[in-house]
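Single chain ahead, written as C-alpha coordinates, the form predicted on its own.
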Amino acid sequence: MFDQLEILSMARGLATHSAARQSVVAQNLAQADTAGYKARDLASFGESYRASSGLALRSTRAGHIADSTPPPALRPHVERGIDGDPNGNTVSIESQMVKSAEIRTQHEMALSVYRTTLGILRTTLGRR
(Lines give C-alpha, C1' and ligand atoms only; values in the text may rest on other atoms or scores of the structure.)
Protein backbone atom coordinates (compact mmCIF):
# COMPACT_ATOMS: atom_id res chain seq x y z
CA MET A 1 0.00 0.00 0.00
CA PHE A 2 2.68 2.51 1.00
CA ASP A 3 5.09 1.51 -1.75
CA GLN A 4 2.78 3.11 -4.33
CA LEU A 5 2.84 6.61 -2.88
CA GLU A 6 3.86 9.00 -5.63
CA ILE A 7 6.03 11.08 -3.31
CA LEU A 8 8.06 8.00 -2.31
CA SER A 9 8.51 6.87 -5.91
CA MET A 10 9.58 10.39 -6.85
CA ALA A 11 12.11 10.47 -3.99
CA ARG A 12 13.39 7.04 -5.06
CA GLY A 13 13.67 8.30 -8.64
CA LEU A 14 15.63 11.36 -7.53
CA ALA A 15 18.00 9.20 -5.47
CA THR A 16 18.46 6.80 -8.40
CA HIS A 17 19.09 9.68 -10.80
CA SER A 18 21.59 11.22 -8.38
CA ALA A 19 23.49 7.93 -8.06
CA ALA A 20 23.61 7.44 -11.84
CA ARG A 21 24.75 11.01 -12.42
CA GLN A 22 27.40 10.74 -9.70
CA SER A 23 28.73 7.64 -11.48
CA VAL A 24 29.01 9.58 -14.75
CA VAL A 25 30.81 12.47 -13.02
CA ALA A 26 33.21 10.00 -11.35
CA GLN A 27 33.96 8.47 -14.76
CA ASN A 28 34.62 11.95 -16.16
CA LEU A 29 37.04 12.70 -13.34
CA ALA A 30 38.79 9.37 -13.82
CA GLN A 31 39.32 10.21 -17.50
CA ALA A 32 40.44 13.81 -16.90
CA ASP A 33 43.89 13.13 -18.42
CA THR A 34 42.82 10.84 -21.26
CA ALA A 35 43.42 12.35 -24.67
CA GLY A 36 40.28 12.68 -26.78
CA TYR A 37 37.86 11.87 -23.93
CA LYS A 38 34.62 13.86 -24.10
CA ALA A 39 32.88 14.80 -20.84
CA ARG A 40 29.45 13.18 -20.41
CA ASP A 41 26.40 13.96 -18.32
CA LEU A 42 22.81 12.84 -17.81
CA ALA A 43 19.64 14.74 -18.58
CA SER A 44 18.19 16.66 -15.64
CA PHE A 45 15.96 14.83 -13.17
CA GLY A 46 12.92 16.77 -14.38
CA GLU A 47 13.45 15.65 -17.96
CA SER A 48 14.10 12.05 -16.98
CA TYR A 49 11.08 11.96 -14.63
CA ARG A 50 8.77 13.31 -17.32
CA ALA A 51 10.19 10.87 -19.85
CA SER A 52 9.83 7.80 -17.63
CA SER A 53 6.54 8.45 -15.83
CA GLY A 54 3.98 5.89 -16.82
CA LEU A 55 5.84 4.56 -19.83
CA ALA A 56 8.28 2.17 -18.21
CA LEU A 57 7.57 -1.50 -17.79
CA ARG A 58 6.85 -2.44 -14.20
CA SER A 59 7.53 -5.77 -12.55
CA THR A 60 4.86 -6.13 -9.88
CA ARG A 61 5.39 -9.83 -9.14
CA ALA A 62 8.44 -11.98 -8.61
CA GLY A 63 7.85 -13.85 -11.89
CA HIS A 64 7.90 -10.71 -14.01
CA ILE A 65 11.00 -9.98 -16.02
CA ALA A 66 12.23 -6.50 -15.27
CA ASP A 67 13.54 -4.27 -18.02
CA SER A 68 17.29 -4.08 -17.36
CA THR A 69 18.11 -1.28 -19.78
CA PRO A 70 18.10 2.17 -18.24
CA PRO A 71 15.57 4.65 -19.62
CA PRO A 72 16.96 6.97 -22.30
CA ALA A 73 17.17 9.86 -19.83
CA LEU A 74 19.58 7.85 -17.63
CA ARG A 75 21.96 7.12 -20.49
CA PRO A 76 24.93 9.47 -20.50
CA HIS A 77 25.36 11.85 -23.40
CA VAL A 78 28.38 13.83 -24.50
CA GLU A 79 28.31 17.41 -23.29
CA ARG A 80 28.40 19.90 -26.13
CA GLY A 81 29.69 23.44 -26.30
CA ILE A 82 32.73 22.87 -24.09
CA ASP A 83 36.16 23.99 -25.21
CA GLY A 84 38.62 21.21 -24.66
CA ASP A 85 42.31 20.89 -24.16
CA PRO A 86 44.61 20.71 -27.19
CA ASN A 87 44.61 16.91 -26.80
CA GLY A 88 40.81 16.83 -27.28
CA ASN A 89 39.85 16.16 -23.65
CA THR A 90 36.82 18.22 -22.57
CA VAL A 91 36.76 17.34 -18.84
CA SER A 92 36.99 20.38 -16.57
CA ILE A 93 37.78 19.28 -13.04
CA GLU A 94 36.23 22.45 -11.59
CA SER A 95 32.91 21.96 -13.39
CA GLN A 96 32.84 18.28 -12.42
CA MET A 97 33.35 19.22 -8.76
CA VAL A 98 30.49 21.73 -8.96
CA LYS A 99 28.29 19.04 -10.49
CA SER A 100 29.30 16.63 -7.75
CA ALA A 101 28.22 19.13 -5.07
CA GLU A 102 24.92 19.70 -6.92
CA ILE A 103 24.33 15.93 -7.09
CA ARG A 104 25.00 15.58 -3.37
CA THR A 105 22.39 18.26 -2.67
CA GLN A 106 19.84 16.43 -4.84
CA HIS A 107 20.56 13.13 -3.08
CA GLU A 108 20.18 14.73 0.35
CA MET A 109 16.88 16.27 -0.79
CA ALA A 110 15.62 12.83 -1.85
CA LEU A 111 16.58 11.35 1.52
CA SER A 112 14.94 14.27 3.34
CA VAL A 113 11.68 13.83 1.42
CA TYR A 114 11.74 10.10 2.11
CA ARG A 115 12.48 10.59 5.82
CA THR A 116 9.80 13.28 6.22
CA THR A 117 7.19 11.17 4.43
CA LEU A 118 7.92 8.20 6.67
CA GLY A 119 7.61 10.46 9.72
CA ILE A 120 4.22 11.68 8.54
CA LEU A 121 3.08 8.09 7.98
CA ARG A 122 4.27 7.05 11.44
CA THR A 123 2.50 10.01 13.02
CA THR A 124 -0.68 9.16 11.12
CA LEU A 125 -0.52 5.60 12.43
CA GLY A 126 0.10 6.83 15.98
CA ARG A 127 3.57 5.30 16.32
CA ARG A 128 5.45 8.42 17.18
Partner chain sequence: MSDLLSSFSVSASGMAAQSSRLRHVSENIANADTPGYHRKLTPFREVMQGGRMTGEVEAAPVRLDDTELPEVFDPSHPMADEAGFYRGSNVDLVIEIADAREAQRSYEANLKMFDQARQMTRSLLEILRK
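Residue numbers count along the first chain shown, from 1. Everything numeric in this text was worked out from a predicted model, so none of it was measured.
What follows is about the form predicted in complex with the partner chain, which we do not show.
Colleague: For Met10, is any heavy atom within 4.5 Å of the partner chain in the predicted complex, or not?
Modeller: No, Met10 sits far enough from the partner chain in the predicted complex that none of its heavy atoms falls within 4.5 Å.
Colleague: I'd like to know if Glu94 sits close to the partner chain in the predicted complex, meaning any non-hydrogen atom pair within 4.5 angstroms.
Modeller: Close contact exists here: in the predicted complex, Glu94 approaches the partner chain to within 4.5 Å, heavy atoms only.
Colleague: Heavy atoms within 4.5 Å of the partner chain in the predicted complex: does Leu29 have any?
Modeller: Result yes; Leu29 sits at the interface with the partner chain in the predicted complex.
Colleague: Find out whether any non-hydrogen atom of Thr117 is located within 4.5 angstroms of the partner chain in the predicted complex, and reply yes or no.
Modeller: Heavy-atom contact with the partner chain at 4.5 Å: absent for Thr117.
Colleague: If we check the partner chain in the predicted complex, which of the residues in 82 to 109 reach within 4.5 angstroms of it by a non-hydrogen atom?
Modeller: Result: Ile93, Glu94, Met97, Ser100, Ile103, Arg104, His107, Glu108.
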